[in-house]
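Form predicted on its own, single chain, as structure tokens, below.
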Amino acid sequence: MSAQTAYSVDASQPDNYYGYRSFKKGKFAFRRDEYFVHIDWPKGSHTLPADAFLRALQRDVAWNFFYGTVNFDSVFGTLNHYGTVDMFCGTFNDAYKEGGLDYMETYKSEDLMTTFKAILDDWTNAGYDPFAAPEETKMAFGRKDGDNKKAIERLRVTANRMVGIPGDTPPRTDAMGYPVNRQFADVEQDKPEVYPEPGFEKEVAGFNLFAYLSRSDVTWNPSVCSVVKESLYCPTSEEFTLPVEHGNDRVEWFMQMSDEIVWVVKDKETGRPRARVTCKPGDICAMPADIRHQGFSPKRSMLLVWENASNEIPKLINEGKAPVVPVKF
């Protein structure tokens, strides 16, 4: 789901041959050409396709570095400490660590965010939307050609109580300018009938979650639709590939609401394969706190993510006072 925000642009070096600016942060250097993004650090260098890098960068920005580790791929990513954030290459890759190529730097969160927003702004061309499914947007490739600030400045919709409660985030309707997505044309748009007792009109409400998600204009970007203390319900619509491998720092619950997602699960520290999970409508699974996962959705699907937002959980897990799995058999 989307909202708008402003951002400041970080300093950079002069334009390169392709029209893109190059960026430095600490001892990391970033540059792009027509097809690829190149990352250099004191111990090595790495190359990613431009579209894959921008889709991952867009989520890292929109999620404010999210929970735990955001792996752009098997080499580069960020690790959130909620106030500071690590940027790394090879830290969670056995081969890089064994070869002595792993490297990490730590920044204040807002400091690295400024740099990431500046890169995203300069490297996203007109017509390309990193939030969209490939069929819905132009390609990310080619020389510098304008920008797409409207797309990249989206943020997650975050309700403080529940979507639709007076004074909180309203549900998406056609009147708000969000059409039903092409792959959700069969989703009913009817609204629930709610009859609160007198005096509770601002406390009791309801909305059609399927209709809400059918009008999502982004993929793989969970909104927060309800909040009960530290319990967050975060529904999202998914199509194509989750642009990152998310390394949890807490248990994360998934409920498949429609269609199908295939999850590839790896060890968080090494990247070694752990499991392959296929979720169909009604399936519920938990992603442990010691793994990384990436989803593949062949058709646009609906997923409900349940998060416990407590800041104490990572500390308790690190101290061995909380388990990395929801239940032990």
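All values reported here derive from a predicted model rather than from experimental measurement. Sequential numbering from 1, following the sequence displayed.
There is another form of the same protein, the form predicted in complex with a small molecule; it is not shown, and what comes next is about it.
Contact annotation: of the candidates 32, 300, 55, 293, the single residue with a non-hydrogen atom within 4.5 angstroms of the small molecule in the predicted bound form is 293. Only one of 220, 116, 72, 212 lies close to the small molecule in the predicted bound form, with a heavy atom inside 4.5 Å, and it is 220. In the predicted bound form, the small molecule sits within 4.5 Å of a heavy atom belonging to residue 63. In the predicted bound form, the small molecule lies within 4.5 Å of some heavy atom of residue 254. With a 4.5 Å cutoff on heavy atoms, residue 313 does not count as touching the small molecule in the predicted bound form; it lies far away.
Residue contact check for residue 238: one or more of its heavy atoms lie within 4.5 Å of the small molecule in the predicted bound form. Of the stretches 143-151, 221-229, 122-130, 98-106, only 221-229 has residues with a heavy atom within 4.5 Å of the small molecule in the predicted bound form.
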